[in-house]
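Here we start with a single chain on its own, the form predicted alone, put down as structure tokens.
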């Protein structure tokens, strides 16, 4: 009998009843990991030496999980999927990993990602392209591509991810699973390789909202190593899931969801928005109030550019320590400057180097006012627009992307400029540090699609409960790749 395709509660009950041992779970997870690695190239490291642990009353005890390879893990290779850190072995654990270890969880692999989390395709890892377990010619999105593929394929019930723009929530949609990015600071970022510190969030990918709540209850907490973390001891996410959402108020944005805004809409996009409309009906059937609202289209249109400017600027600063001198493989050269230039030129992919060039350009003194500071101002306008919605509504519900997972070669995914905000709107959740969760809500051409709910800061319990109620009404919880449900 297999267990890694079950929920955390089901696995825990099996452990407590003695139906399976922790070591047997670890072996099942490792066997599945090797199988998925051959198909999807989802991992940087598989820990074949992983051992079972004592089973306690903690629901995570004795159960395997995966860690995105931009989390520091003591004594275990942690590369960020970059050649600049291809041999880096940290001497400490990220706080999120440490908290899960204290809960009794068992790390069995490190999952591949777009290099340092910078990318939305899962194609820039130093170990190669990560493939979608639903269809290997499709991408997982990124950057948490390996984690999404592994959870969707049934390697274990959950894996850690990080989210700077949509790096947990979009891969979740493409892989038919749940992706949850909590309020900024609910989970310590200590030990997470920084991309853009004001946007980075630690989070989790699971196959159900309940599992996401269970994992987050164990990951979260104030940490003296991260001054942005906050006291969440009174936040109990699992206990808050009761499915009672009658009278809750949601809204969706006309400028994003109205098909008339997409004159060149593909059949997949049309089907996706039709599917979203059916999800809105389910929300209303549950007793929720759902309104259509409008946001200035000019403001929405500049959001992707704001993300580019701010995230690239922070990235070029955060990763300036990757010189090959302090750690990482040494570059060649006659002096220290030549060695650093050689290391960074050879170590980073073209995508990363382009981002560093843009980030450095917008931070130059003569360019800061025009680009960087203006981007900060528009970020504030976007956050204020969402905050105004949260004054009335419990959450904003929107479709994720313009359809199912895109083809890796891109040949059949000719997106027009008018779909850009539809593809990128999840980044606003990072601008404001808002809790945001993606859940599966149907299929197009036998491939999963997702819907996202984003709420106000510190309102994680409410956001997850709305997603939980919606999930209970649909039939997509605990799906395994290839298992198309109606």
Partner chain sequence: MNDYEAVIGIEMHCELKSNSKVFSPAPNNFNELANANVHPIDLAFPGILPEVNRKCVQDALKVALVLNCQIPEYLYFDRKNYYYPDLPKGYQITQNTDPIGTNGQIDILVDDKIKTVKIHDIHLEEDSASLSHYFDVSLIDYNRAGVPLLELVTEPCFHSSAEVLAFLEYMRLVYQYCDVSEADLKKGQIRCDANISIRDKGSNTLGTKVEVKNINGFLNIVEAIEYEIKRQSTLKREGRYAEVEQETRRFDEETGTTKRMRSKVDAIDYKYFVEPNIPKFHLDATWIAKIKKTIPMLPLEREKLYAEKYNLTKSEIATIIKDKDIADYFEECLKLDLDAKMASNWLTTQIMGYLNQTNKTIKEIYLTPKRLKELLTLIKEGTISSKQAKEIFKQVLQEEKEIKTFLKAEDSQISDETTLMNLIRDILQNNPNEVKAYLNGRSNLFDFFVGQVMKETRGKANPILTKDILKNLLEEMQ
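Numbering follows the first chain given and starts at 1. What you see is a predicted model, and the numbers here were worked out from it, not measured in a lab.
Keep in mind that the form predicted in complex with the partner chain is missing from the display, and what follows is about it.
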Per-stretch contact check against the partner chain in the predicted complex, the hit in 117-125, 296-304, 362-370, 155-163 (non-hydrogen atom, 4.5 angstroms): 362-370
4.5 Å heavy atom contact, residue 227 and the partner chain in the predicted complex: yes
Touches the partner chain in the predicted complex: residue 232 (any heavy atom, 4.5 Å): no
The partner chain contact at residue 252 in the predicted complex, heavy atom, 4.5 Å: no
Non-hydrogen atom contact residue 217 with the partner chain in the predicted complex at 4.5 angstroms: no
The single option of 385, 340, 77, 265 touching the partner chain in the predicted complex, heavy atom within 4.5 Å: 340
Residue among 239, 277, 336, 259 with a heavy atom within 4.5 Å of the partner chain in the predicted complex: 336
6, 133 and 138 each touching the partner chain in the predicted complex (heavy atom, 4.5 Å): no
Neighbours of the partner chain in the predicted complex among 193-221 [non-hydrogen atom within 4.5 angstroms]: 193, 194, 197, 198
